[in-house]
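We begin with a single chain expressed as structure tokens, specifically the form predicted alone.
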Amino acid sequence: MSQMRVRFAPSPTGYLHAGGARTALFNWLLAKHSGGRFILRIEDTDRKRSTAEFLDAILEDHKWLGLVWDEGPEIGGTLGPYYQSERADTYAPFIQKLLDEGSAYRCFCSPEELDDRRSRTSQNGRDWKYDRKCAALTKEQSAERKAEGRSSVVRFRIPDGKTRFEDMVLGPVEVDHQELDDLVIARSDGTPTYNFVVVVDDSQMRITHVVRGSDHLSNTPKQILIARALGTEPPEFGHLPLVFGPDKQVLSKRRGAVAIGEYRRRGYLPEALVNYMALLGWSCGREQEFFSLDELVAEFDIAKVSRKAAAFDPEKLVWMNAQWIKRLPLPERTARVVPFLAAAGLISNTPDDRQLAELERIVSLIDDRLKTLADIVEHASFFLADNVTFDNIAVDKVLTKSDSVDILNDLCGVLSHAPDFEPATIEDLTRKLAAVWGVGVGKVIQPARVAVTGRTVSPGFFETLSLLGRDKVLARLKFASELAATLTTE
């Protein structure tokens, strides 16, 4: 076919993590850059470990990242079903075709027999692979054993020779068939195995290009041989170097890698995560670090994917996320923090226009302090909560000073008579009070900041007081003064 067709085929036996999401992203970018189609296929034949929860999360994660599929679950398509569990009746005729043509054979070796021969081989210092004991059985002999009720698997007969293919990432790859085993393509209960069903599915869905992790490289020559035995043209393959975490282990859902949904709950932007994952092993060739999804589509070239393993750096992701948050227009940034504030009980799920306008002022004042959207709860809570939650260290460090009570009382009196509560007016009155005390303005600001925010660090002090409003500020100054009085007399 002239149109490129690529697929990502996750198994709903766990959540989608960054390594798998990067593979999905590269497939999606390859398809979109070429004007092709991205197919999402669910490999859910492991019924014991596959769950609806994992499936729903995988679909939601793709949507959140912007990797919407052209064919697959919820959308459908002319070449489905797109759930492997719904394709069970598809494979038996192809297994039989290989048996009839001699490209496969029934193996009646019991697990105990195989274990014994494997053990004896390893004792002799040799690597084990199936010794083809059943490969020479005639069709009549196989039929007799089957009639006797003997259990069997179906093995694919690896031919002599070598398999060569041009990997889109790794370049020329050659595998001597002596290194391969006559792999099982159907279990004793008749269910086909991964290496067989993936070939049939790719063929029937007309997949032209397969991009996946290099941990699948050993499967590729087997799948090419099976495809050719079935009389179909195998797709082109590209194997991505694996992604390693800070612990030097391969990122994997089975090794505790952070799930994509968890990044969403922690307040990461999909734009930042997609941007960061794209740079794990790929470069446009220029010193450009920030890419929108549309820019990635325009720039992506699989030939520019590195053959070296990529290192996942959580700190770099946090930095990139902070940069993306700063890039958001203020109204958009405000809208994105609403769910986190609502979850903390600080605002309603559907704030009205007045509340949104106030929240926008808060977000503007916080400015570039947000590394994740979830950070808004820490930075904005004292604005939105009725009462201050004091940091114990701040209290011990500041409010226990002997002059804190008088400073807070004096500032409360000055601000209560302020003609307005604009930042400039508050600043002028605070500086005049500091002059009366004969101290730097910081000596006044320090206890007042703890009083109104509960901490020693906050956004701009005068702007913060103005935004909090006169009533809330005076109430907090008075409360902190009374608290400081109890502390200084102990």
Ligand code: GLU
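Please read these numbers as outputs of a predicted model, since none were measured by experiment. All residue numbers refer to positions in the sequence shown, first residue = 1.
Below, we turn to the form predicted in complex with the ligand, even though it does not appear here.
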Does Pro10 reach the ligand in the predicted complex, with heavy atoms at most 4.5 Å apart?
-> yes
Contact of Leu293 with the ligand in the predicted complex (heavy atom, 4.5 Å) | no
Hey, in the predicted complex, is Glu427 touching the ligand, heavy atoms inside 4.5 Å?
-> no
May I ask you to state whether His216 is within 4.5 Å of the ligand in the predicted complex, using heavy atom distances?
-> yes
Which one of these stretches, 267-275, 305-313, 193-201, 89-97, sits within 4.5 Å of the ligand in the predicted complex when only heavy atoms are counted?
-> 193-201
Using heavy atoms only and a 4.5 Å cut-off, determine which of Arg333, Lys222, Arg155, Arg212 is in contact with the ligand in the predicted complex.
-> Arg212
Contact set, 42-60 vs the ligand in the predicted complex - heavy atom within 4.5 angstroms | Glu43
